[in-house]
Every structure is written in C-alpha cells, then in structure tokens.
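Okay, so we've got the same protein chain twice, two forms, each given alone as structure tokens, structure 1 and structure 2.
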Structure 1
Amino acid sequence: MRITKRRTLAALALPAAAVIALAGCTGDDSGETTGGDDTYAKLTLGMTADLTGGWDIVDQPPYQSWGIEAVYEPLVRCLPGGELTAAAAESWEISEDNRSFTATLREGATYSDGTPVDAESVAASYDVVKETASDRYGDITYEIADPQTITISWPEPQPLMNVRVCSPYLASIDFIESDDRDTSPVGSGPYTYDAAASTPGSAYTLVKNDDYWNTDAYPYETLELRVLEDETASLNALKTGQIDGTIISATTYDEAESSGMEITGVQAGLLMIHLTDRLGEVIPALGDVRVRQAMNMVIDKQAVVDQLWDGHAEPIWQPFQLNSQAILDIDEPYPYDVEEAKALMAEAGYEDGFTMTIPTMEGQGWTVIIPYLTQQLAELNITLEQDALSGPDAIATLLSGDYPVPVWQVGGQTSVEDITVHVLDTGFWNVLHQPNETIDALWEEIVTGDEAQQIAAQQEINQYLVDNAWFVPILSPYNYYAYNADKVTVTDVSDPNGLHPKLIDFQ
C-alpha cells in the first residue's frame, strides 16, 4: 500500500493559527475552536453513497464508514499491515494454536444507553455477526471469565485472526434485541447519533460523546455527514465550503487540485471483472477457460490507466495487490490482442458471443470504466447490460448471486484475506460460491502450514487463478481524498483497506 500526500500552494501559504482565526471571523463553525486549542466545533464530510446498511452493526462495509465509526467501537482496531490497536479492549492475547482471542475490556466504558461494555454484550454483538457471516464466525464459542474478560474461540486455526476480531462492531444488548437497529444506534463510540437533527438519505448529525475513553482523539464537537452521490456535486460542495472533505476520483483530481484542495492518495485495491461462473451454470460460455482468457486479452489495461485514469493507477495482471505475499514474478499472461481473443472465442464455439448483466451503484465511478468495457467486449460480440442498484438492499443484492459477473474494486489487508473474500467458495465476492478442490487443498496448506508454506500456497493459488482466468484484473488505482486544509487536517490514513482516511484521522 503506497500513500502520497499532495499539498497545494494555497494550503501551504496559510498557517494553522491563521486558519483558526479566519474561521472564527467568518462565522463558519467548521474548524472553529470551542474553548480548547485542540477542540473544534464541526466536521462536515461528504459521502458519495448513503448508509447502505442503515445503523445496524451487521453488513457494514468499510467504505465511507465514518458514521459507523462514530457511533460504534470494535473490540480492537486494525491498522495498515495487520497490526492491532486498543479500542473497547485495552489488552488482548492470541493463543499459540491461533484459535482463541482473549480480550480484557477497559473498566467503566458504557454504551450510549448507559449499559456497560461488558463481556456479555461483546458475545451478544458477535452473535449478531454469526447470523450473517457464518463462514467466518458461525462456529465461534465464548468463555467469559468475568465481566471484563472474554475469550472468543474458533474450532480451526485462524490465519486472519486480527481481521476477524477487529471487524465486528459492539452494541448494547437492548439495542441488539430491539426492532429499530436500522434507525436508532446504541454504541460506545466517540459520537452519538442525533436523529432529530438528521434527514436520513440526505444528512446525518452526530454529537460528541464526552464519556468516550479516547475523546481527545476526536476533536470535533459535531460531525455531519452529507450524502452527495454525484461526484461533481460533491466536489462543488467542497469547493464552496459546504463540506470539509470528500472522496474524489482520477477524473476530478486536477479540478480539486487547481481549486486549492489538499489531496491524500492511497494506492490499494483491485479493479477487476469477477468471472464467478467458472462452471458455466448461469452463463455457459464462462465455463470455457478460453472465453475467460479472451475477455482478458480484449482489455488494453495500460491504455485504461493512461487515458481513463490519467495515470493515477497501475495496470495489473494478477488478482492480488502488488505488494502482497501472493504476487508472482511473471510476465503479462494475456497481452492485449483483440484478434487472438476473437480466435479463442471461435475456438471455444462462442464467436457469436453472449449477453451478461452487471450491477452498478452510484458513487463508484462506473461512468469511467463501463463504457470502455462495453465497447471492448462488443469486439467479442459480448453484450454488456447494466442494472443500477440503490437503497439499503443494494449491497445484499449485489452479492446475492443474481449477478455472476460483478465489476468491482476489491482488496483486503493481506492476500490471505483476499483469498477468503473473492477466491474461496465461501467468499462473499465469489458470488456464485462454486466449489473447487484445487483451491480448497491449497487453502488447507495456508491454514495448517508455517509461514513459508503459507506464502508458497498463496502463490500457487495465484498461479492457478491466472492460468484459469478466474478474473479480468484491470488496474490498482490511487484512492484519493480531497479536503479543505483551511478547515481540517488529515494526519494519516490509518485505514487498513487503503480506501480513505478513517474518522480518527481528521484532526
């Protein structure tokens, strides 16, 4: 994961002390102090997508998760590189056999309804996750030594123990048992949700929780999240001071930079076509490896990077992140060659092509890549149709299996995590969940082997995926975040997924 930070000349010319003074004079409460040197009135962030899962603690994607990070806290927090840092647990221990995680909760912490953050509520929160993520949590058991100590155990060793324990959010038992989990969050995070000051679907207001144990790390008294699904509208809101920061793409990078915004970029993630129907059960043509290889050969990845991403990305030929343990030192396996691709389609008996439908969502930059994919796949007589998904069920529909060829940017914290997410048949991005004995055998080596064996098995999986063209890898983009340095400071990007700054990074 590579991180860059671009400060504009305008931002450099304005010292921090002057920024605070100007904010106070104009009456704009963003960045205005409220009594202490390190406390500010309001942080307003733009979101290019609404809260896809409402306020429920389950089905919360890491993308633009500032609202969820505000009201809830995990047991521990993951950092880039897979390290853990304290959250609800102030200390922890992982068993030597890598099956159990024992957490010691901090004394005195409470949820916003006044109930304690104790071992029973941790178990209740994980029980909710078990219902929707049975592939990762379904067989876990608990041992509660006392209200502040809980041991969570899996029946098998967990190569991704850190990711497993940092992902679920904690909530009070009364909230978990209530019927309004979508609308009335009760967590133990640094902010509480102000429903009366919010308009769901448009703007969400959260107020600082002074009882939070680490309140100094969150200097803003109020957090407002405004939903601006159109990127142009979001950037305009940033330029006119309506919001303090927003996600941008390569297409708006130059405009944001010329407007005096500071831009932080993190290279992470994999934009790929996921060809999950490798058995051809839904789209028979995809059951033929030659068709999948042809689809790889008809995409000019370097041209996509240069012309559509203006160089703000790297072309990829393997379905893993460039610095991961699974990456192979190999040449481009399927060079851009339209005529050879057509020949492969004819050899497979699919020269007349076929039709496939891909799901899209607002705020994901589809207007950039989809027209190109439509044009290039048409060279193989493959017709690409789109279904625009929206609303709170969009992610669930996307992953339901109704769309066997999603085009999406994915990428976890490690290649082991990526294997669990989009390679194993239990992975939620492997949407058709078709079994594969070769992958299963190599995964077993990852679970039971030493470090060298784990790395070797990851690379064997990668080679198998490349040889059998399970994906059409396209590029690894820079994920950009633009913000007004006159009002906020982004000290770091602590997101282990490399998507954007976390809420704690805004100072």
Structure 2
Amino acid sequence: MRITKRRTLAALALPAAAVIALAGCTGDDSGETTGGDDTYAKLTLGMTADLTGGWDIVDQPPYQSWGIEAVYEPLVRCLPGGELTAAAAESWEISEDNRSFTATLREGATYSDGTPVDAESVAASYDVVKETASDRYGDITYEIADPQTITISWPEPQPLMNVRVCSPYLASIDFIESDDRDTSPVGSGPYTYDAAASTPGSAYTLVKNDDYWNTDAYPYETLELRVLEDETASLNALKTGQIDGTIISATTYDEAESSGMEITGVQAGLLMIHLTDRLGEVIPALGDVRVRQAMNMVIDKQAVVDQLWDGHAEPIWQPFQLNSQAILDIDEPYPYDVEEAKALMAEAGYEDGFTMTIPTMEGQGWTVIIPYLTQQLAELNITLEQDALSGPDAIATLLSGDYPVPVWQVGGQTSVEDITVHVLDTGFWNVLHQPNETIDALWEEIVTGDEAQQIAAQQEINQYLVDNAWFVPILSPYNYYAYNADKVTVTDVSDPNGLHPKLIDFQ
C-alpha cells in the first residue's frame, strides 16, 4: 500500500515539477528595447478577424488592416477629415476640374524585391484595382511624364478624389503579374512579411524594412499579428501579456479598464434605420413623410444611449458623422414624443400600422437595439420582424432590395462619401435605389462646385434628408481600442474611418 502511494506521489510530482519549471520559461519580450533610444523589439497586436483578402492589394478592407499597412504603401495617406499626408508620393497636385491627380514619387524608394517604386508600378497597381472596383476606377487613364511623375485622370470630376487616391496600395510589377499575390506580398511599406515565421490564419510575423523612407515612425523591429476571433480570448491574451493591444466592445470595456488597460475611444459610425422606400413602392406607408417622421419620434435616443449602450455612444439626429462638413447646427428635429407620433400616424391614415421585416447578421449589436425598436414601433402599431441572414449570400441578400428598411451602422471618411453610399440612388446602402431630383441637383453642385459650394450643397442635402425623414438616426457609438500602456503608446488615432489606431499610431 505504501509503495503504491509513493508511486502515485511520484507520478503526480513529475508533471507538477514540469509545470513549475515551464512556468518560469514563459515570458514576453513585447516592448523591450533593443538598445536604440526609440526602437523596441516587438509589437504584438490581436486581430478579431483573419486577413479577409489575403495579401493581395485588391480591395483591402480598412478594418484592422495593420498587416496590409505594414507591407504596402499607398500613394498618399488619408487623415481624419479627408486631409492627405505623404506616403509613396512626396508631393501631389489635384487639377482644378477635380479630374486629375499628379503625384511626384520620392527618389530611391524600392519594393521589397528591389525594384523601384516608379510611375509604371503605380499604374500597374491601379490597373489591378480597376478590375474589381470598376465603378470608382474603371475609366481612369495615366500620363507618365517621367519615372517619378504620374498623373491619374478620371473622365468625370471626383468630389472624393482624396479617398480615391489614398485607398489603393502599391506593389511591384513582378508581384502583380505573379500567381502568389494572396500569399507572398511585395510592397514598399515599413515592414516585410516573414512567411517562415508565420502561421496563416493564426499569427503573422513582419520584420522591419530598414530601407523604408520613414522608419523612425515605426519603432518596432518585429510586428506580430495574432488572430483572436473570440472577444473573451482576445481580452485574456491582452491581460496576460500575450498581445499588446486589441479592439474591444462596450460590453468588455469595464473588464478591460479594471484590469489596468489603457483604452482609446473613437467616435465614428451612424446607427440608423434606413427608410429607403421613400416612394412607398414596397411598403406604401413609408411613402408618407408623416409616417417616417412619426418613426423618428418614438425612439428615445438619449435613453438608448444611457441604458442600452451604457453611455458608450452619442445620440444623433442627422444622418452624418458629427464632425463632418454636412452637419447642421440645428436642434433635435423630432423630439421623443409618442403621443405626437401617434397623431401623425392617424393623420396619415396609418393608425393601424403595418409590418416590416429587417435583416440581421451576426455581430452588429442587434441583440441590444432590436428589442427596443420592436417595442417602440409597436406603439405605432408597426410590427417589426427579423430575418437572420447568414452564409455567403448574406451580403447580396442584404443589398438586394428585398429588405427596404435595413437597420445598420454606416459611416465613411467624409460626408461626401456618405452621400454616395447611402443617399444617392446609386449608393449600395440605398437599397431600393429610388431616384430623387432634389438630391441629384445638389450632388451636381458638389461635383462641379468650389469648396464653399460643395459644403453648402452637402448641408442642403442634410437638411432635405432631415425634413423628409429619410432615416431614423439613433446613435454614433464609440469604437474602443484597449492596449497595455506599459508596453506601447498610442499617440493618436489617425484612421480616417475612426475604427482603431493605424499601425503608425503605435509608438
């Protein structure tokens, strides 16, 4: 019996000793200095989703694109508010008619395969983008004056010129012609991809490109991007020092804060009910402005922010970002008033209400807002039903027009962009694409006018949308980024979309 006991103890002691010994081996070198004053060993960032488009330069989403920002460089970089800053181009000029962008490339810059960042490679990179974004780049032409100077021209004036030129990434011609565009990036950015040290789908390692023109702006020798899709897993990794920063949601804000993390909040995005059937073709009641106004009046936006978002948002009354050019200095146009809303419905002849179905998809916070909307719209006898969309057809179905009243969070870099996306009849979020002469006329002023005229026209569009209640604006949430301040410093959030810090913001 004694022998058995001893054996058992010995059997237990071995793994226990191993555990203790191994515990001493674990560690993290993130943020350790490498000797220089402003350089650090490693920055490890958590990504809540894998690279959605591989490493190809085509149509890369701006969301969590640290890997793409690391290996590639655009012609110019967009800043919040629509301003441009230098990147591959050290200077640039936009033609007076807003049709052409002339870039002067910096001398001596090369891609990671050693080929020069010249006008030919810029044209080749834009040609790739033309294939998948034909609505924005399809008809562009190039004029190459010399290897360092390229003029990109559109047949029509481009009110969104800045956004157009800061979006595409540049890559070497050999890379563009290769079959490995998704897996073997060749760019001119501050880092190069280390495939041997990476595990696709799990962790990507990038090493500093010492030949980059602005290396001082990127102080980390190594960048590691870890895919952590589960928010709890992500927060656990942050707390235990496995990563240095990650995106968090309002629901984990308190936990991140109480565990000593620094949190940066950026306000961007507009959560709205998009009443796209303004002609009442599918839901006749929505063709009456009084019904649309009544729907605005039964939503207590401040209460939603306070109670459902715990204050992590701002109520909105206009369908544009709070600091955008289109924003108006007006009071709340449709204050919360259920009785007045009911009276408007009765006046319009819809006191018995109607039924509308909204599409939902995982991960947009509907579990929080939909029960409230259902309850409030029921005050007007409007029945809100939901269709949960999933799978590869979800996006196509969402935009197909089958659901004329999507509840969605939208918001681009500028109000001009927002007009193109959810106001113009061609906008993909204006899902029923119903024409409107007033909007078209004002858009023409934006396209052809000078800056003052453009701003005035944007504000007129906003006033028209508010007066005609095209939307039910609800709130603008804060996007949060949590990071370990002992290891990294986030100086500023230079993302024009206000989603999270850009790679250059980690110091």
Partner chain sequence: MILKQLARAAGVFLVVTFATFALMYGNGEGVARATLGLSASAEDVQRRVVELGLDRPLLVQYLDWLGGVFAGDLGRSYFTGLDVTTALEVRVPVTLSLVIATLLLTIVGSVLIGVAAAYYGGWIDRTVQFLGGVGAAIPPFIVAVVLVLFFGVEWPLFPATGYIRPEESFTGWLYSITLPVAALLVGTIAGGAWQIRGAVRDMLSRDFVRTLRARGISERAVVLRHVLRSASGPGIIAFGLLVIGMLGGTIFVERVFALPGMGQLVTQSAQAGDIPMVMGSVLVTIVIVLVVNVAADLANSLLNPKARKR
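Residue positions are counted from 1 along structure 1's sequence. Throughout, rigid core stands for the largest set of C-alpha atoms superposing within 1.5 Å between the two forms. Worth saying up front: this structure is predicted, and the values here are computed from it rather than measured.
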> Just checking, which of these two is the form predicted alone?
Replying inline: 1
>> With the chain divided into two rigid bodies between the two structures, is Phe471 grouped with Leu499?
In response: no
> How big is the turn of the smaller rigid part relative to the larger between the two structures, in degrees?
Replying inline: 24
> Supposing the core is put in the same place in both forms, how far has the CA of Thr276 shifted between the two structures, in Å?
Replying inline: 7.2
>> When the rigid core is overlaid, by how much has the CA of Trp443 moved between the two structures, in Å to one decimal?
In response: 3.3
